[in-house]
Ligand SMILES: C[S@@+](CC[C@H](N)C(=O)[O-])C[C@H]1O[C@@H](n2cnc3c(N)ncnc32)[C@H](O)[C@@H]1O
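Have a look below at one chain only, the form predicted on its own, in C-alpha cells format.
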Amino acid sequence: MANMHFGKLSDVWKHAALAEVLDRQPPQRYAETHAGSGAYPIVHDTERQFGVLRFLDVAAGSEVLARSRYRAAAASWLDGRGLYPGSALLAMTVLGDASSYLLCDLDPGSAADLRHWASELSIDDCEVAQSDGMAAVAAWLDRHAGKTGLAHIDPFDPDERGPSGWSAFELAARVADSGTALVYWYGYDEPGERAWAWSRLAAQTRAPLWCGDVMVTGTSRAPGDLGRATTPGTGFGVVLANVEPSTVSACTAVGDALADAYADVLLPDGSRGNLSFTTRQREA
C-alpha cells in the first residue's frame, strides 16, 4: 500500500478538486505519476474522522458539497464496500471506459491492485506501469501530442529526480506547457510556505493556472505536521493548468464550501480551528 494518508483532509481536498475537473472536462487520456493503490479499507481513526468521514457527514448540509462529484463517488465506495477510493479508482469511477489510462506506481502491491480494479470495472485501455512515473508520463506526453488529456501529479518529494532525470515539479511544468490539463497536489507544514507550488510553477510556465490552497488554522501552538494534516499551520493545495473557467469556478465553490463546513471545528487535539481557503489565478 503506497499511500498511508488516504482519506485524510489533505486527500479530501485533492480528490474533490480532481473529481470536479474530470466530471466537467472528461479527458480522452488520463495519467498519474504516483497512483498508489486503487482502494483502501477505511480506517476509523482521528485523521479519517476529521477527513473523509466528517466530509460526508457535513456534505449533506451544503448544497455545493452535496452535489459534488467527489461526494457521490466517495460515498458509493464507502457505503457499498467500506473502501476509500484512491485517485486512480476515483478517475475510473467518474470516467469509466470512455478514457484511456496510464497509472504509474513503483510498489508491486499497488500495481496489482490497480490492475484488479481496472479489470473489475471493465476498463479496456488501462496501462499500469510499475516504473518511474515521471519517465512514463513524459513519454505519454510525446506519444499523444495534440490529443485531449489530463495528468495528475502527486509526489512525495517534488524535486526528487527519477532515473529519467525528471523531477515531479519539472514534469508538471512540461505538462502545463504542452497544453495538457494538469492537476498538481502539494503540501506544507509552515504558514510561510502557503501556495509555494503556485509561485514556483507560475515562474516556470506561461500556461493559465489556478491554485486552491487550504490551511488549517487554530489556537494550538504545536508545530505543523503534514503527516497528520490536522494541525494549525499545516496546509495543502492543488494547482490546475489548462482548465476551463467554468471548471475553475466549480473548484473555487467547492473549496469555499469546504471551509464553511469546517468553520469553528473541533480539531483532533481538542482545540478549536478553521480551514482558511484562498485562491490564486493567472488567466490565458
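Residue positions are given as counts along the sequence shown, with the first one as 1. Bear in mind that the values here come from a model prediction, so they are computed numbers and not experimental data.
Keep in mind the form predicted together with the named molecule is missing from the figure; the text below concerns it.
Check your understanding: Among 173-181, 69-77, 131-139, 210-218, which stretch sits within 4.5 Å of the named molecule in the predicted complex, heavy atoms only?
Key -> Flagged stretch: 131-139.
Check your understanding: Wondering, does residue 106 line up within 4.5 Å of the named molecule in the predicted complex on heavy atoms?
Key -> Contact with the named molecule, yes.
Exercise for review: Find out whether any non-hydrogen atom of residue 154 is located within 4.5 angstroms of the named molecule in the predicted complex, and reply yes or no.
Suggested key: Although the named molecule is absent here, residue 154 would touch it in the predicted complex, with heavy atoms inside 4.5 Å.
Exercise for review: Using a 4.5 Å heavy atom cut-off, state whether residue 35 contacts the named molecule in the predicted complex.
Suggested key: Output for residue 35 is yes: heavy atoms within 4.5 Å of the named molecule.
Practice item. Classify residue 11 as contacting or not contacting the named molecule in the predicted complex by the rule of any non-hydrogen atom within 4.5 angstroms, answering yes or no. Key: Close contact exists here: in the predicted complex, residue 11 approaches the named molecule to within 4.5 Å, heavy atoms only.
Review point. Each of 3, 87 and 110 near the named molecule in the predicted complex, meaning some heavy atom within 4.5 Å?
Key: Verified in the predicted complex; spot residues all in contact, yes.
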